[in-house]
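What follows is a single chain, given as structure tokens, in the form predicted alone.
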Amino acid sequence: MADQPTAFLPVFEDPADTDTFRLRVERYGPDLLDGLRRVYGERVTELHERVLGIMGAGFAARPHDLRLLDEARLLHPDWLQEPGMVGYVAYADRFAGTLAGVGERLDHLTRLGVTYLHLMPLLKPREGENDGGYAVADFRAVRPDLGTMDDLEALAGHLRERGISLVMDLVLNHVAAEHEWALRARAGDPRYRAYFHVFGDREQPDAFERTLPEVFPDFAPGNFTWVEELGGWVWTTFNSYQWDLDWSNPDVFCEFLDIILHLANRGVEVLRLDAIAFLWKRLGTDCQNQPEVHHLTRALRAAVRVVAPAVAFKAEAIVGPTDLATYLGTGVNHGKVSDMAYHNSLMVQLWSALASRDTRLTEVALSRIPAKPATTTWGTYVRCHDDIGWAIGDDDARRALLDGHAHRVFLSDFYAGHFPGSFARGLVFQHNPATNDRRISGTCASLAGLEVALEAGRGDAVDLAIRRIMLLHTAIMGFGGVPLLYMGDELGLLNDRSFADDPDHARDNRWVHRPRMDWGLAAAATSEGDGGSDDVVTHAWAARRVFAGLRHVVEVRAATPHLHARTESRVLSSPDARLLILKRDHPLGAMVQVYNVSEDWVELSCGILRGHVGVVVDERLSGFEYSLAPPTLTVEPYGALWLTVR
């Protein structure tokens, strides 16, 4: 390997291990060294030696079954891009109480077709308020109420037996004020004080604040907190109890590499790199998306590729489209940063189109997303554990002949249920009175109209709500990437307003869309009974339709090679604003998808489709053969078509 002193390379008891490690270092070592050099400059030689030592220890400790998985993934490097990959996201306690309980509920996931399970923050947090678990006090321990690290390792093994990859969060930007590093800093240890950004007076914090946004202006204004024991202001982007780490300190890099390898050796297959956009601080900027973030991630990824090539990185970067591409890798980092990133724009645009019954903004926004590296994948989703922020650019809005601010206000009003004729029932989150910017909390079903429809007892309204739920999920499954289903959405779970009775949750209404799993409803949804009719509707009847519909789309998706993530979806101009048309160019032939975002029956000229897929096509979702010879075809309310060349 260029610039790699061979004396640094560890030697293992088994010569085959030494050879394997050396070969992988020759392959990935240049990325590791270059990433470190671009961030740490002249300090790189000593740091490189330390890093190789950490890698060697992690490699020696890697269990045999995980080494076999490494070899399988090296032979199948696109495993995360396959159309059979379907994700499920849940809080372990809200899904099944404990990690052992999750293991007892895997039949539900298998029945749904899940191959990727993301358990929301489960590492030991601080007591009391902890930002939903993202204020981590110990990266090597599990929340005591969930179990132990041994329970986590056992669950990972059970999941692997079923072909399900375990995904978990790793918060990179900060630790809890009660973390050992912070406690040592408070006690006066200069080594650990240097892990954090600490300022003796307000001069530097005030200079930074001039260009820093506030993440939680309602309950955590400002970005710095005075800590008496340190005699200084600590950088706290999110909450006063979450201390930002100083990644310009090489010790922080080494700590996290060791943590990542420890979790990988416990069986974690995908690490969701939380708050990754905030890692590097630079005066005069918003301290997000700085180039060093991508060099650091590239170096971490290269090191993990040597030790545990079965492990993938997912970037939790909810940023603008131009910045988003850098988390999958651009320029010298092309395809070498994270293996997966959230497609936040798709989520926002789908909800926007549903409210307005208009896809013109969606066409503009999706057309302007830079192409991703072919070896990476999107994480597509209808919603997540967070609120929905209306990330709609003013320039995109102008191109769609809209006023960006006015449209964002409309969407907030619509999904809060305040706009005339709205079908939604959401809660306003983080209202900024100065700008009238608001975000929205709510489950998929409540935002899509099921809550209002069930209360009214109207079968026609319930039917439309279910159609909206299905349209949203069919679109994220057809777009390309790993579709991520949020727990309960497969049953149409409604808003859980009991969060207000819990003192730890009452101030954060995002808990309204984090309900506990209703296993009674799940049993009803997957049973053979009737549970209702078009005239007498029940939640169980609606849940059965949603679950069966999602399972069907998952099965169709897995059998459709055109949905491999190597191929990207691109927008085709639609003659009717109620229709979104996407095309995927695959070696087996083109695939065209049509989505009706309205409650209307919409006619579409077959001539528009014939030029892409021919006259006789397979419609994958129905399993029927379609002829596009007639002048038009009609797309049903909230209908979806997946057309492939026959």
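Residues carry their position along the shown sequence, with the first being 1. Fair warning: this is a prediction, and the values are worked out from it, not measured in the lab.
Unshown form predicted in complex with a small molecule; subsequent notes refer to it.
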Considering the small molecule in the predicted complex, which of Phe256, Tyr134, Phe139, Trp181 comes within 4.5 Å of it through any heavy atom?
-> Tyr134
Of the options Ser446, Thr377, Gln242, Thr359, which one has a non-hydrogen atom that comes within 4.5 Å of the small molecule in the predicted complex?
-> Gln242
Want to guess which of 186 to 194, 383 to 391, 331 to 339, 363 to 371 is within 4.5 Å of the small molecule in the predicted complex, heavy atoms only?
-> 383 to 391
Taking the shortest heavy atom distance, is His174 within 4.5 Å of the small molecule in the predicted complex?
-> yes
Exercise: Ala275 in contact with the small molecule in the predicted complex, heavy atom 4.5 Å | yes
Can Phe238 be called a contact residue for the small molecule in the predicted complex at 4.5 Å between heavy atoms?
-> yes
Wondering, does Asp489 line up within 4.5 Å of the small molecule in the predicted complex on heavy atoms?
-> no
